[in-house]
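The chain below stands alone, shown as structure tokens; this is the form predicted on its own.
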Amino acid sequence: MAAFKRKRGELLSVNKKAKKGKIVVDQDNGEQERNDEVIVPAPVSMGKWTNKERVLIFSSRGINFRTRHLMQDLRTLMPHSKSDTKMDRKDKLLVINEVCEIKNCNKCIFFEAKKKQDLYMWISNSPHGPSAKFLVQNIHTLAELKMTGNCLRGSRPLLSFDPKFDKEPHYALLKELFIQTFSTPRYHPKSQPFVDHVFTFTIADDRIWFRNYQIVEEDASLVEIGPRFVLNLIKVFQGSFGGPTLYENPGFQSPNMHRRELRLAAAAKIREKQMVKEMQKLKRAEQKEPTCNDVTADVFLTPAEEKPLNIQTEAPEPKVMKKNKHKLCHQIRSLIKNLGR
């Protein structure tokens, strides 16, 4: 089969016809020769890159290893993303708009770490807004899950949303923000012209659950790839990283308050155990003491006679010791016997 060479980076016009090549098939007996024409299809990515969406993914200082791996997984899945160095905690969030302008990015995913245990995610449309702040929970990275699913690096994903995103206005705003942030632009230079995985955003328990699945070619079934995490919405702002509040989640509870309630519950259990121990001690003490006095217990008791008290003012007379005559006779006899011997 003849190979047709095409210059690297050459863009073909849309109306350009596909090339035709000829293949000569030699039969074993050498009697017949047949020329078959094979049409080489035109390249898939011969369009023009018009959607210039770029996403800046970076974080603040103080993140742990799990957050760092999650950031790396998102950069791998999103070929239109860019990275930057960690931002100092003392800097204000409005500085991020300037960083996006320097990096030529119009979307931003910023991970903010607090107390080295709480992770917050900002998704913003820079520099005019809107922006949303989430609490990230239940993070599981690609290396940790070890799922059987797999997809091509740089391939474009499908975005699947829960029907609840169309029922409430703040969810509709988040849906449009997710579409512009997570969808890979068509004909992006770093992307592949294939669609082999899907990002799902599901609403359950007032939280947004993110999952990544592979689309199996044989039966179009889904196999999870990873990563996975849960977004708990806090606020939606009109501006980028600030501004008037468009929506505030009434059911959101801060991690500090949640930990405080856990400590109070543990302290209440300890206090209850101590009170139970004190009650048991009081019951044991009451059992030792007589509970009631029997009235008929003293019926058969007779009072003892009172003896007169004799007070001796003089010393008592010495007692005369009387010797036993029998003992003396016995001793004398024994002496006489001894002398006779």
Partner chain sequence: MEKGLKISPFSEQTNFFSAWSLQMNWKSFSSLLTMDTQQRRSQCPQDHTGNPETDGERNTPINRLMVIDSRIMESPEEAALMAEESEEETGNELSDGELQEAFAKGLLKPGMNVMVDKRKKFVNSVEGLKHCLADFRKDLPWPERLDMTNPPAEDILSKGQVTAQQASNGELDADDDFQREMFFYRQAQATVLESLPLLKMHGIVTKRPDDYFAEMAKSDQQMQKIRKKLLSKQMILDRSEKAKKLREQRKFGKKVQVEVIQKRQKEKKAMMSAVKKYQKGMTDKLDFLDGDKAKTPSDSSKKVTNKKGPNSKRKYKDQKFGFGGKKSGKKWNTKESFNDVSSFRAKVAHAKGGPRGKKGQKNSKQNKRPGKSVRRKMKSRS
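Numbering follows the first chain given and starts at 1. As the structure is a computational prediction, the values presented were derived from the model and not from experiment. Basically, rigid core = biggest C-alpha set you can superpose within 1.5 Å across the two forms.
This next part talks about the form predicted in complex with its partner chain, which is not shown.
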With its partner chain left out of view, choose which of E261, E248, D88, E101 has a non-hydrogen atom within 4.5 angstroms of it in the model of the complex.
E248
Tell me, which of M257, L94, A172, A265 has a heavy atom within 4.5 angstroms of its partner chain in the model of the complex?
A172
Can you tell me if Q280 lies within 4.5 angstroms of its partner chain in the model of the complex, counting non-hydrogen atoms only?
no
Would K116 show up as a contact with its partner chain in the model of the complex if we use heavy atoms at 4.5 Å?
no
Might D162 be said to contact its partner chain in the model of the complex, defining contact as any heavy atom within 4.5 Å?
yes
Can you tell me if Y120 lies within 4.5 angstroms of its partner chain in the model of the complex, counting non-hydrogen atoms only?
no
Indicate whether the candidate residues Q192, S221 and I225 are all in contact with its partner chain in the model of the complex, with contact defined as any heavy atom within 4.5 Å.
yes
Output the sequence-ordered list of residues from 93-120 with at least one heavy atom within 4.5 Å of its partner chain in the model of the complex.
K107
Quick one: core overlaid, is D205 moving 2 Å or more at the Cα between this form and the one not shown?
no
